[in-house]
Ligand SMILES: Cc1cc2nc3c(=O)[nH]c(=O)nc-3n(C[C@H](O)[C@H](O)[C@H](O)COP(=O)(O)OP(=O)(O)OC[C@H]3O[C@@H](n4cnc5c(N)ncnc54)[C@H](O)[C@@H]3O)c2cc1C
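The chain below stands alone and is given as structure tokens, in the form predicted on its own.
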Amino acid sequence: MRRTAALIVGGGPAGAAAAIGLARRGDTVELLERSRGPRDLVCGGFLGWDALSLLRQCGLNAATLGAHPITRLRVVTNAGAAEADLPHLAAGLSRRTLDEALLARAAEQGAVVRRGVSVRSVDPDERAVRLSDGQEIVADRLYLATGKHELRGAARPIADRPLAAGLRAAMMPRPADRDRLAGFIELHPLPDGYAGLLLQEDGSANLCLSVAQERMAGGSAKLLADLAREARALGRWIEQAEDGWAAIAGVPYGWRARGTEPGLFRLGDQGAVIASLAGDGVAIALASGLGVARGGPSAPAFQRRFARRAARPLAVAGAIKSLAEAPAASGVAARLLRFVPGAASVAARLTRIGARPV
């Protein structure tokens, strides 16, 4: 067993942002990340203006990473499409590129970043982490940033919540489809779910789907076939994606950690899970990581404060999610967007975590 001052479990945006902030203030920081190298995840891809601002606070410029600029929203239903301007510049950037840049920045600031390290379990009371190789690390302060994945011993209490499943695929779109998607975030409301589509830095299209978890009962192939029939415009993209789908289950949209054990900080999706339709998950992750590094409150105080900060974005995103998943209501929403395009800007602003646009 060995001891360390600050131990971060998870090297996504939340964990990396915390490492950057803590290292900047002079803390001895160790970050454990299970992946050995670059990889894409089911979640992420869209960076709102708040996320772009928070990235700048980390010392990164999404544009220099090649992020695809996004200025407009398109909502597509079987009845047609409606478009509106976003209130500020957003961007499309793969998690592969984003996460690697953040981890490199953390290392530059002095954090010790250990790759290919799997954590088997956590003892929250002792702030002890047991690795897959049997090694145990005890931390003065332990930061859980494992995204939507649970850790044995520190699982979120989400059993009584409705759960969602997510799927993701990336593809090189046909030239006409790429031209149509340029500059847009495209949303497709679905029965019990929705899909988001955007271009990334390498010209690929990133397609993310979220559905009620019970719809996965027949397997992903059946689900995708069903969705292609239910949403005709989306079917064309599902056809282009072919194989290579990644999936995750047990997503508790709307959940917040309102408390925690002393010395144990929950960051990113371990602290607050926003409906991905709003595209603010990365911003919440970055905000929690940078916020915890500002120092001051104890872990329980930080968790309560962050839960309050995330309350409005989660509530508004949840309401938009419910609207998108109701077939009749989604048609009304599309018509509203067509005739009152400012409604999209209002909704988008209300789901942001609070950072100023760049």
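Just count from 1 along the sequence shown to find any residue number. From a predicted model like this one, the values you see are computed outputs, not experimental measurements.
Same protein, other form: the form predicted together with the ligand, not shown, and the subject of what follows.
Segments offered: 215-223, 133-141, 230-238, 147-155. Contacting the ligand in the predicted complex at heavy atom distances within 4.5 Å is 147-155. Just one of L264, V117, V76, L181 comes within 4.5 Å of the ligand in the predicted complex, counting any heavy atom, and that one is V117. Remark: V282 counts among the residues lining the ligand in the predicted complex, judged by a heavy atom distance of 4.5 Å or less.
Residue contact with the ligand in the predicted complex: W245 places no heavy atom within 4.5 Å of it. Contact between R34 and the ligand in the predicted complex is found at the 4.5 Å heavy atom cutoff.
Among residues of the shown chain, V9 is one whose heavy atoms approach the ligand to within 4.5 Å in the predicted complex.
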